[in-house]
Ligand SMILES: Cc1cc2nc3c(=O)[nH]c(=O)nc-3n(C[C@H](O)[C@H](O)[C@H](O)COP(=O)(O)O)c2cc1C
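Have a look below at one chain only, the form predicted alone, in structure tokens format.
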């Protein structure tokens, strides 16, 4: 079975335009996940739903992700998505940030067994939609997944994406690989690996270590090396010149889209500068510093010209 490659939801980095142009210029990802959609003032956030409508029109293979703390929030979000024609929904049980976990969302849901049993009833009663879950091994301890596994195994999930860390680690620290190994062995649903995949070699290593995986989900690795999926699929690394050529095309498309849709230099710079945040190893410290410090669009474009000339 051919392994799948999924582009992780990256809040503040991979918006609908980023995902669209990445798919068009690089490819390599089977599915692109939206940053989580949440309830705000009793309803799904308007801007989240508007961006979803745009993603639906441009044809990028997109999976909307939702975050929730109750059955009511789950129902509101899934109803809104189903009414718009979405037939795949990903559930966020992995967000580690206290702003969400203190409210009972994200990784905090892993230990909320009564809530997950209720969610499970709704998933089982909706066979026309493909549900998946993105989760960690636990909120505070790496074995919390064990109590949830019977509920997970009772559900007809498309897959479970597992990040083998606990919430307090955020995105650093050692992976709990032994817990991951046992999770993969016990899961009756297909499992996708997430975490520390920064090169084609990292992806191959995970698939060799865990051959039963359905695929891998990459986040920071795609931001730091947008060609990662294309390189892995072709089993041939790109040299620096080729990566820079594609990076130029990617950035040019994205900047032009922001310039045509946003108002004012400040908004444009605020949106485009995160593009470079993980790319310093590729472009060098001096170029990264010049791009970060640019206080006007003219100075920013001058820094871009210096980088690619």
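Computed from a prediction, not measured in an experiment: that's the story for all the values here. Positions refer to the first chain, counted from 1.
Omitted from view is the form predicted in complex with the named molecule, to which the following refers.
You can rule out all but one of 53-61, 35-43, 256-264, 236-244: in the predicted bound form, only 35-43 has residues with a heavy atom within 4.5 Å of the named molecule.
Think of it this way: in the predicted bound form, the named molecule has a heavy atom of just one of 219, 200, 215, 138 within 4.5 Å, and the residue is 219. For the residues 78, 132, 100, 194, the 4.5 Å heavy atom test against the named molecule in the predicted bound form is passed only by 194.
If you check the named molecule in the predicted bound form, you find a heavy atom from every one of 10, 13 and 171 within 4.5 Å. Within 4.5 Å of any heavy atom of the named molecule in the predicted bound form lies no heavy atom of residue 227.
Contact between residue 278 and the named molecule in the predicted bound form is found at the 4.5 Å heavy atom cutoff. Along 80-100, a non-hydrogen atom within 4.5 Å of the named molecule in the predicted bound form is carried only by 92.
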